[in-house]
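What follows is a single chain, given as structure tokens, in the form predicted alone.
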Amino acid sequence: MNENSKKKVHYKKILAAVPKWIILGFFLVITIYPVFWMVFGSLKSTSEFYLNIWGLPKTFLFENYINAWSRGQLGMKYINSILTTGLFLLIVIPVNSCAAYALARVRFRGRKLIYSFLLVGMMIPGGVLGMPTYTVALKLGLVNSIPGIALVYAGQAVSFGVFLMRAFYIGLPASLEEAAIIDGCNRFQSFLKIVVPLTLPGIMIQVVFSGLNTWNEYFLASLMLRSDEVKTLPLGIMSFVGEYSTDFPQMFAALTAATLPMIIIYLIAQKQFIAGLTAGATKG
């Protein structure tokens, strides 16, 4: 192949890739721009926000963050959200991992019925279960309590977590556990030492997806958390929405402060998270 032919092939490859890059660029813009718009909006004055809603701020008002932190009492709500999400993950990760392993590996009567029941739980919208969940939580004394709402969140996340982890366990060769048992491990030890490390990407998907949902959850929190001492960040952000007006710059400042931890966690867990998504796509 001569030099001109090589150039033609090279140009054809570039032209063929142009539509792909345009599509990727479009989705990148519509994904990232709202985040930048929120950050830039948090640095404007209220009057400038309405006069220059899409552009860059003329003066960067970092005091919006200080005012928003004080007005929304975000310090305590930050701690409450961290405690709620952390306690939720401490409950849901071990429960889902063990339950999914039992459904994937242990043969017992009613196993398929239990799994089908959990799958049905994934199909019911959360809003439909709001009032029934609140009624049960009220009778159990879980209302207006951080451990109580974390337990309720964990119960709601069981279906997705078991469905996800079961796919990972089924994809693992049973010979790995058999070899561990031959070496002297019991089933639980082989689960902890062999299975759990190999399914870490699936666990990270739960941490990111379920943890993010819990961090941002508003509807159930608005029903169950009534005292200011136990309210979480989404409830604090709603304090910036008035009956007749909304302070958008301060609300955007609060939203930016609430979003930052999730972005940091995702960046830290990005490698495991992407590995889990690609692995889960090939396992049934």
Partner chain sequence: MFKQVSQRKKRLGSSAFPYVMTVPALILFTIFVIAPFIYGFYTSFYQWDGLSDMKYIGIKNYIYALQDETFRLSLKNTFVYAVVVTIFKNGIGLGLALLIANQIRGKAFCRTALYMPVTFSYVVVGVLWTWIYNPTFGILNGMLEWLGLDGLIQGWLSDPNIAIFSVAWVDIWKWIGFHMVLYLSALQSVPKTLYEAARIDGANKFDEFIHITIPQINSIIVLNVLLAITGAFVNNYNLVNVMTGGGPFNSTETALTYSVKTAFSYRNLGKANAMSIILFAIVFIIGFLQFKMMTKDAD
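For clarity, a rigid core is taken as the largest C-alpha set superposing within 1.5 Å between two forms. This structure is a prediction, so every number in the text was calculated from the model and none was measured. Positions refer to the first chain, counted from 1.
Missing here is the form predicted together with its partner chain; even so, the following discussion is about that form.
Visitor: Residue-level contact is defined here as any heavy atom of the residue lying within 4.5 Å of its partner chain in the predicted complex; does T259 satisfy this criterion?
Guide: T259 belongs to the contact set for its partner chain.
Visitor: With a cut-off of 4.5 Å between heavy atoms, is A68 one of the residues that contacts its partner chain in the predicted complex?
Guide: Close contact is absent here: in the predicted complex, A68 is far from its partner chain, nothing within 4.5 Å, heavy atoms only.
Visitor: May I ask you to check whether G55 falls inside a 4.5 Å heavy atom distance of its partner chain in the predicted complex?
Guide: No, G55 stays farther than 4.5 Å from its partner chain in the predicted complex.
Visitor: Indicate whether its partner chain has at least one heavy atom within 4.5 Å of a heavy atom of L61 in the predicted complex.
Guide: L61: no contact with its partner chain in the predicted complex.
Visitor: Residue by residue through 202 to 227, which ones have a non-hydrogen atom no more than 4.5 angstroms from its partner chain in the predicted complex?
Guide: Contacting residues: I205, V208, F209, L212, N216, F219.
Visitor: Fitting the rigid core first, would the Cα of S70 be found 2 Å or more away between this form and the one not shown?
Guide: Where the cores coincide, S70 shows only a C-alpha shift between this form and the one not shown that is less than 2 Å.
Visitor: Taking 2 Å as the cut-off, check whether the CA of F49 shifts that much or more between this form and the one not shown after a rigid core fit.
Guide: It does, since the F49 C-alpha is displaced 2 Å or more between this form and the one not shown after the core fit.
Visitor: Taking the rigid core as reference, does Y218 move its C-alpha 2 Å or further between this form and the one not shown?
Guide: The answer is no; the displacement is under 2 Å.
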